[in-house]
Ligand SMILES: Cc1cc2nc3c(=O)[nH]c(=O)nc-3n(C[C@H](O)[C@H](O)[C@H](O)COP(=O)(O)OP(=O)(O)OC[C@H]3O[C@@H](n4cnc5c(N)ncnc54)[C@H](O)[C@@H]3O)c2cc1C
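We begin with a single chain expressed as structure tokens, specifically the form predicted alone.
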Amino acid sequence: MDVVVIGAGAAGLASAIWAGRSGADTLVLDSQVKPGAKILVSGGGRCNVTNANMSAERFNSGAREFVARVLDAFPLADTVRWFSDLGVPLLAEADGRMFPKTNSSRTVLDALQRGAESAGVRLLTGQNVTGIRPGNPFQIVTKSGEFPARSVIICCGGLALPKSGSTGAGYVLASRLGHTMVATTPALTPLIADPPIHAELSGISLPAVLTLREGAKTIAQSRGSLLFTHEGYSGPCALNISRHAARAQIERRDFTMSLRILPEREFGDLSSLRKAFAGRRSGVNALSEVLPRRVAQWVCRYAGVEADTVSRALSRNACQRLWSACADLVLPPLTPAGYRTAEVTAGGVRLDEVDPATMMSRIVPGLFFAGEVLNVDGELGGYNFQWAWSGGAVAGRAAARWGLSRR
């Protein structure tokens, strides 16, 4: 084979399609009997394919220029045209997220599989790759036999959402070939609080800001919709900052997370809050003008302020407690929920060991990477899928050139 792709997820199928279209004899090996499970469950079954606000700034990697170069090689416009050619027109929502017109992730997976088939790609399922022996050709080792390949693309994902088949096998394969791994952690996962002080607000969603600090230094900040759960916090605001909390945790950094649920445009500081309480309204009624009433009631109880206390009777200390409870509340210790619920993995193959122009290893010529196996993770909203499409296009084309040149 000119190209063997390991993994038939988003990055793997994209790599295979572009390798096949480039004229390479291409084979995809996947450990699952029915590959693509992660595509099917993404976006609540709708599959958030990409985002109209695509930017390298939406990714975490420590090498933004690397990410930008890959995204520029196969940008948003190319992705939209590509999916249209595959028979999947995309529609953008107000926040920039782009979904298939059908609102069905099955549409996306079926189109990718058809696209691979039309490009002459062969797909073998139930093939768990246990090793790669370098050479010309490489030998891809599975329990059912060995497959020769002039070039290899590792696209078997990370550790997130193991029920979809994620095992971290790509990290093992890359490590055995001499690559260095950046320690992995779950990303885009809910946060578990101990104790869950907001448990009674479970099911309520509202705009919020979460700030992660080490001492007085801000490590990360996330703005967006926050969902209170019976265990802690979810929604985009919590999911986007979860990777930073997980990284701080494994690095044993002494961090705190604070929550703001008061709109800054109306209550930028304590003095503006006190002015809002200057009338003859009760504390809970005043807060209910900008917060759900259940949340306003919780804030009053937490702050030790009687809900029906007339606002003009609130002491300076009481106002300070209310402010702290809804504008800068230091949360109990938080723990990312883990890989079981994570949408992506942070960490992976070091980027300085990969050429962004081709996605080829700088250590093993003819070995390529794409997708989650690399040390890149994006925000919620289609960014990680775009990383798969862009990286897959770059790797697939380059691996095809490499394989064809060694026939």
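Counting begins at 1, following the sequence as shown. Predicted model, so just to flag it, every value in this text is computed and none were measured.
The discussion below concerns the form predicted in complex with this ligand, not included here.
Trainee: With heavy atoms only and a cut-off of 4.5 Å, decide whether G20 touches this ligand in the predicted complex.
Mentor: Contact check for G20: no, nothing within 4.5 Å of this ligand in the predicted complex.
Trainee: With a 4.5 Å heavy atom cut-off, would you call V4 a contact of this ligand in the predicted complex?
Mentor: No, no contact at 4.5 Å.
Trainee: Is S390 close to this ligand in the predicted complex, meaning a heavy atom pair under 4.5 Å apart or at it?
Mentor: Although this ligand is absent here, S390 would stay clear of it in the predicted complex, with no heavy atoms inside 4.5 Å.
Trainee: Can you tell me whether L367 touches this ligand? I mean in the predicted complex, with a 4.5 angstroms heavy atom cut-off.
Mentor: L367: no, not in contact with this ligand in the predicted complex.
Trainee: Can you pick out, from A73, V182, A169, A325, the residue that has a heavy atom within 4.5 Å of this ligand in the predicted complex?
Mentor: Answer to the contact question: A169.
Trainee: Among N53, S42, S361, S61, which has at least one heavy atom within 4.5 Å of this ligand in the predicted complex?
Mentor: Flagged contact: S42.
Trainee: Taking the partner as it appears in the predicted complex, which of 261 to 269, 123 to 131, 227 to 235, 73 to 81 has residues with heavy atoms within 4.5 Å of this ligand?
Mentor: Stretch with heavy atoms near the partner: 123 to 131.
Trainee: Would all three of S31, V344 and N384 be in contact with this ligand in the predicted complex, where contact means some heavy atom lies within 4.5 Å?
Mentor: The answer is yes; S31, V344 and N384 each reach this ligand.
Trainee: Pull the contact list for 7 to 24: residues with a heavy atom within 4.5 Å of this ligand in the predicted complex, in sequence order.
Mentor: Contacting residues: G7, A8, G9, A10, A11, G12.
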